[in-house]
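Given next, in structure tokens, is a single chain: the form predicted alone.
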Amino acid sequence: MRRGRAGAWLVLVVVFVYYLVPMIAMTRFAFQRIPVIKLSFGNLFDKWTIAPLIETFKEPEFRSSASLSVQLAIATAALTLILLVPTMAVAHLRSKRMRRMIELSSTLPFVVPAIALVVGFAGAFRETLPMFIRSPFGLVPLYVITALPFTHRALENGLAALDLRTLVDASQSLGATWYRTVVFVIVPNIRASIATAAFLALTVVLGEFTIASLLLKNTLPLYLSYSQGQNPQGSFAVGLVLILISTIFVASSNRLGKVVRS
């Protein structure tokens, strides 16, 4: 038993160091005004500044790309919830086969590479709906698919924890329509799962690079990739901020997930 605990702690320490050391190096590069070749333990606390981050925030290209990414993230989270919550509720009520099909479909983004998804998307809509390809918001359906493995699992846990049949029957016996049942009965009972799914969708969009790059949309990850040659300290500083935001989202998701399970 003691050896097992010692081994578990050893693994945790190794993983912690594996992530911590690059983060420290990235932080020093981004926020210390010292040439990289001169960085050492002796000047660990010297010449720290947030000027690279402020300078990046002032750039018009950064503001436009950040604004676009935030809008895409919000639109993706909203569309995900609008599509999944009623669909999965119907599947839980009426068909186990439908639940299995949805669950299988949610794993496809792990199997189908992003480049294949983009090629199929562009080929399908280039002639029929060219405006959909040219618009940055054409990324939203692709982001919904990309985030599906995470958002589906969060909502599935919340719905599985409910006695959904009893709630729906009680609501409809009082004269509520399906819309009112979803909005005023189902949604309040799975609000923690909904918040978790929204956080996960936001995290996926803020970090997604491949799809935006292939469709030539200037999102925040794409901006950070291109700006490393001109302002490497600023791009690394913004990258750290994104990591912090994503960590907060994931931690909030885990916290809300515990609330759902309890």
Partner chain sequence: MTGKVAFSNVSKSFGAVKALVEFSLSIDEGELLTLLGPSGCGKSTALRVAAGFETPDSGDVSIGGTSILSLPANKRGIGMVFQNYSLFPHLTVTQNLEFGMRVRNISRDKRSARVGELLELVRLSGLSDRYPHQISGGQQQRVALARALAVEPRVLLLDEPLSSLDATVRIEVREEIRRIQRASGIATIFVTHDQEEALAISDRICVMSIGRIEQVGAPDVVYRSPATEFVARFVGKVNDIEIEVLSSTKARLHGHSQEIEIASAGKNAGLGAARLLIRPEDVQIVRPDSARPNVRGTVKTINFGGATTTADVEISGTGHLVRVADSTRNMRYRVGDSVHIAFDTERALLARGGA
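Positions refer to the first chain, counted from 1. Everything numeric in this text was worked out from a predicted model, so none of it was measured.
Although not depicted, the form predicted in complex with the partner chain is the subject of the following passage.
Contact check for Phe137: every heavy atom lies farther than 4.5 Å from the partner chain in the predicted bound form. Among heavy atoms of Phe110, none comes within 4.5 Å of the partner chain in the predicted bound form. At least one heavy atom of Arg191 is located within 4.5 Å of the partner chain in the predicted bound form. Although the partner is absent here, Glu127 sits far enough away that none of its heavy atoms falls within 4.5 Å of the partner chain in the predicted bound form. The stretch that touches the partner chain in the predicted bound form, counting heavy atoms within 4.5 Å, is 158 to 166, out of 99 to 107, 128 to 136, 158 to 166, 71 to 79. Proximity to the partner chain in the predicted bound form holds for none of Thr27, Gln32 and Leu39, with the criterion being a heavy atom within 4.5 Å.
Among the residues Val118, Val90, Leu83, Ala176, the one placing a heavy atom within 4.5 Å of the partner chain in the predicted bound form is Ala176.
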